[in-house]
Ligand code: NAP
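A single chain comes next, written as structure tokens; it is the form predicted alone.
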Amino acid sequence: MNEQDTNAQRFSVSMLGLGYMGSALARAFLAKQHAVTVWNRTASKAEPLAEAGAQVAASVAEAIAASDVTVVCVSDYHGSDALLRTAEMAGRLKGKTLVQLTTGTPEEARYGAAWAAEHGVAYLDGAIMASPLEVGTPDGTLLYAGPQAVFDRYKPLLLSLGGNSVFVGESPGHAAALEGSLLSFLYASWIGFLHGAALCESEGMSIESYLSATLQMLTGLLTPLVTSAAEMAGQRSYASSVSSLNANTIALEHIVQFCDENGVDRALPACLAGALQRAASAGHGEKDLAAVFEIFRKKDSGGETD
């Protein structure tokens, strides 16, 4: 153990939920020498953690009583509510801190924060942007929202879960919102890559050559594109100096035709072409492709876009 580890601040923390991710979180706490208590509905999942040094609670109430901080990572907020939303658990949590790392929506996070405030519980809502293997590493990314003072107080504990533990704001829904937004981009990119692989395969091209071309495009093209799109969407001004939304619609329609000719599923490019067509029908055809943001965004009574 190095001097930095020896001098690190220790916390008592209880981990509720020991699936792949919950177990990884508990192990990360143990690796930093925190006093860890664990509970899981299927008790056998706690046995490897007991061997690693964790205390095993016989009940949720016992786990909450054992620590100043309770971390929850279960399947969904309904599962979390079933564990915690009782008069007994509210009483046991009063004056303590609850860190919610269960995946959910911003509305669920706000509901959780309101419940915690009503019962005198300090609350952070978080989002894990890492795989179980990345938890506890310097590059592990976790997002947290809630009171800044609560995050600052427990930041040394939270850094045990990932060196890139980031506070994203006091609005309790912001961690879930950022997670959902990033995953929307990730899934669209990931599935788009696989669709492109299917197109290449249909022409007898290797997926390896397609991957090589994709990686070159990512480094040279994607960053400037998303940077420009963010600037335009932020300003809601979409003057095009390269190619119009109409031109990109035609390109997507050609991809749909390519799919049809080669027997490849057309649903993804057809969906994208449909979105651009809707934007064109709304008057954005000669603007930059980024103007498609206007049909995605939550509608308000704001002014006209350029």
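Being a predicted model, the structure only gives us computed values, none of them experimental. One-based numbering along the sequence shown.
Just so it is clear, the following notes concern the form predicted in complex with this ligand, a form of the same protein that is not shown.
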Subject >> 42, 45 and 79 all contacting this ligand in the predicted bound form, non-hydrogen atom within 4.5 Å >> reply: yes
**OP:** Go through 128, 124, 158, 121 and name the one with a heavy atom inside 4.5 Å of this ligand in the predicted bound form.
**Re:** 128
Original post:
Taking 4.5 angstroms as the cut-off for heavy atoms, does residue 73 touch this ligand in the predicted bound form?
Top reply: yes
Subject >> 4.5 angstroms heavy atom contact with this ligand in the predicted bound form for residue 18 >> reply: yes
Original post:
Can residue 169 be called a contact residue for this ligand in the predicted bound form at 4.5 Å between heavy atoms?
Top reply: no
Original post:
Does the 4.5 Å heavy atom contact test between residue 132 and this ligand in the predicted bound form come out positive?
Top reply: yes
**OP:** Go through 237 to 245, 33 to 41, 253 to 261, 267 to 275 and give me the stretch that gets within 4.5 Å of this ligand in the predicted bound form, heavy atoms only.
**Re:** 33 to 41
